[in-house]
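Only one chain is shown below, in structure tokens, and it's the form predicted alone.
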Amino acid sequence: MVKKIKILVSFGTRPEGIKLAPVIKEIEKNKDYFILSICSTGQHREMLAQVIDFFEIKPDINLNLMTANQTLSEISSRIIQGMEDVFNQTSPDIVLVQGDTTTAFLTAFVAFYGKIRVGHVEAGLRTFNKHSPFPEEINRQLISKIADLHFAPTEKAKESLLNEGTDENGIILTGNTVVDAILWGIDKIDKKPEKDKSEDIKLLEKIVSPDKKTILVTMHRRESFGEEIKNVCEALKVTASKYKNINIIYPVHLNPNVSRPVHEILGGIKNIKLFEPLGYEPFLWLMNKSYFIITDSGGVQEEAPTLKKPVLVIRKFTERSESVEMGISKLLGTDKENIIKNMRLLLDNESEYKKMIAYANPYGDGKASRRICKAMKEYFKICAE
């Protein structure tokens, strides 16, 4: 009888939940090999709950650590104490963390203190600018120093890990699990009967018109607070006034550093619709219906190629450079005139628009979760020998 591997999957934010959901589902298919425990730290409680419901995941442990207006130091101290208790309770052989969040880094950090193996999903992404994205860039670099298994989504990510001296035997090229998640999610949405559609999707259907181009906007990063957000909003305002045949839909992050300037500049403009943050299901539906996307989100940069949507990235640096190099996304920064110019290019020039339709997906083929499970089986087989 082969000893089963005890796996703890830990997440705390919506992007982590999305990208770990297909891994969890794949682990659950392999019950002959794995014993699974799921922990949610609740770093972003409400937004994460939507993902858990959509992907039909049931955490075994929910720490509910989120508090209003929490600082990085406050949430960090609570995660360290909470995860130490979780490890004592579950005694895992390996913990899986995803990406670059405070939950991911500190879960890996506490695991290291407990001499527990760490698997890092989406390993090797880099901007090499410690303040952009902040604090994510340093989080992901530090996780790489701790992890035993590095699940690299792309060749470039693998190359970055090798250049940093990471043991090649611990690096597994998998593709990005977000592709697995999107394919599963779109299939679920498409199969849902009309009567079971969410109220948010029904509302969006009244706004998204086939005779108007829908532009989806998201912006929430800490390094964008202040003048950068104002610049982007001014660019949206100018473009909306010029093009009456577009609808700009902007689910606005609840952080007052985002919501206050957005509503001050864009509120009341007829063809700009401001929403509170959307659940993952309506957001995925909206991405699929959009003409193009403007975002500072790393996850959206990966999701858009699967849905064949051009992306204008309103950041100065990106760790998802593969799509930029392919020409299916553009790194614009937050200069007002540059954003206006590139929006107009996509709206006015069909040939330029078609150049930004993904002809291949640089981020994966939908089989990343299978590769992760296979790698863990092989790793623990080697460890047992």
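Computed from a prediction, not measured in an experiment: that's the story for all the values here. Residue indices: 1-based, along the sequence shown.
A second form of this protein, the form predicted together with ligand UDP, is not displayed here; the remarks below concern that form.
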Of the residues L204, V110, A240, L278, which one places a heavy atom within 4.5 Å of ligand UDP in the predicted complex? L278
Exactly one of L266, V258, I116, M287 has a non-hydrogen atom within 4.5 Å of ligand UDP in the predicted complex; which residue is it? M287
Does any heavy atom of V300 come within 4.5 Å of a heavy atom of ligand UDP in the predicted complex? yes
How about R221: is it within 4.5 Å of ligand UDP in the predicted complex, going by heavy atoms? yes
Using a 4.5 Å heavy atom cut-off, state whether F283 contacts ligand UDP in the predicted complex. yes
Just to confirm, V23 within 4.5 Å of ligand UDP in the predicted complex by heavy atoms? no
Which of these stretches, 270-278, 67-75, 204-212, 155-163, has heavy atoms within 4.5 Å of ligand UDP in the predicted complex? 270-278
Within 4.5 Å of ligand UDP in the predicted complex, do P15, I18 and P251 each have at least one heavy atom? yes
